[in-house]
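Given next, in structure tokens, is a single chain: the form predicted alone.
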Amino acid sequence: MEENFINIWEKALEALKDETSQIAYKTYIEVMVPRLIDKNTVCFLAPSGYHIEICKKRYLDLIQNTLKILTSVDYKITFEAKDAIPENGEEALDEEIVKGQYANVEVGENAKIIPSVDVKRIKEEAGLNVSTVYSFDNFVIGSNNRFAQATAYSVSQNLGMTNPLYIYGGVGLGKTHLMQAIGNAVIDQDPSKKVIYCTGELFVNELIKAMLNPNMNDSFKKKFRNVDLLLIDDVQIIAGKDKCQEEFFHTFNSLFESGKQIVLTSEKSPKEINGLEDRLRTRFSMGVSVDIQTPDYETRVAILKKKAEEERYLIDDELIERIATRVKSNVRELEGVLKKLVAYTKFTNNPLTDDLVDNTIESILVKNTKILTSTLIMQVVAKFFNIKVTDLTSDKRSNTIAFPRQIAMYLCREVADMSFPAIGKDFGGRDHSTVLHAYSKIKDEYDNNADTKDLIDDIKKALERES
């Protein structure tokens, strides 16, 4: 190790100490030790892989900029986990690598040459825009997601055997985590695999660009069809978009017929996606569909403990159990409450009281919950039947409008507990007797007609997802 760089790093530490909190500096910055240097390449030895992930995510740019200010050199920074290095580091060095790629690198005590395969670069070049934070190792398994996790892991080990894999469930339950874990696992096992991850929205946007610029059409098709694994998050967004569904249909067929793996996620099962073409609905259902439910109490506790461990939060079991009891909907809300409480104690140095915990939980639950109103119900019903919201409050009497309107009125009474006069007022100033008639008709249909019951139950599920 060049002595002048040790001096540089000591100066950098002084600057970084002022740019970060005391906890962050002590926990993640100060513990790193520079081990390799080759003019503009530095390898830092960190206590664990966990420390590396945090440093890459939060402090890498800050460290690089600090070093550049001090030296005018754009240092390339890599990391090595101390817990991954064998006791006799010298024996672990590959002499061919030392003589080749790192011929001029001075090797520090117990150092280990970084592998010649830069998996992160490969992921970026392959278009795998995933976070390495998401893996199968840190996915908390519970009764709500056990089958989904097992199936996703199986797919990552045997591409093309289960095709497509379709994962669905509500917001914040872990669909994206599992999808990105598949992508990470595949690239980690075989960096030569071609993987594309994108959201349904990004797919739509790129298709629109290709349509506006014919020269991009071939590159668009090549990007999404010349792959070993295609990961599309929130695929339901293509529903109702004819050109997008047409292009995705051909993309799907090309990959499927070539034995390439397709993984899709959605908030709904294929049969519940309104506006999805039947040919796509059939293809989405031809492989394995797995759903993720809301986590039970035991799983919620496990999720909170895992998050606290990853983020090095010091929090007692009683508080974790209190959060798990109150917050039941999804993982994001659980983690949101935990982060907010930890932030409070960090910046105020005040203890957590029962009132503070309850108020924090309540504030996040209220923030993430939409009030179930006639407006929300009309929006969901209109979207479900592919009509305009204004149609529901208009004087139009065709059955294509009247039936959805009656269902919307029924739901306002049934799930929002609105009075008949209030419902009539919101639906264009109708008389309460008209609303009563609509409610009675749909209730009778719901009780006696299986098709109507299934239809309304599907709309209720959609309302639950929206509220």
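Worth saying up front: this structure is predicted, and the values here are computed from it rather than measured. In case it trips you up, residue 1 is the first one in the sequence shown, and so on.
There is another form of this protein, the form predicted in complex with a small molecule, and it is not shown here; the text below is about that form.
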Give me the residue from 220, 134, 79, 384 that has a heavy atom within 4.5 Å of the small molecule in the predicted bound form. 134
Just to confirm, with a 4.5 Å cut-off on non-hydrogen atoms, which of 254, 269, 138, 374 contacts the small molecule in the predicted bound form? 138
Of the candidate stretches 188-196, 393-401, 206-214, 324-332, the one with residues having heavy atoms within 4.5 Å of the small molecule in the predicted bound form is 324-332
Would residue 283 count as a contact of the small molecule in the predicted bound form, using a 4.5 angstroms cut-off between non-hydrogen atoms? no
Is residue 378 one of the residues lying within 4.5 Å of the small molecule in the predicted bound form, judged by heavy atom distances? no
Contact between residue 307 and the small molecule in the predicted bound form at 4.5 Å, heavy atoms? yes
At the 4.5 Å heavy atom threshold, is residue 159 in contact with the small molecule in the predicted bound form? no
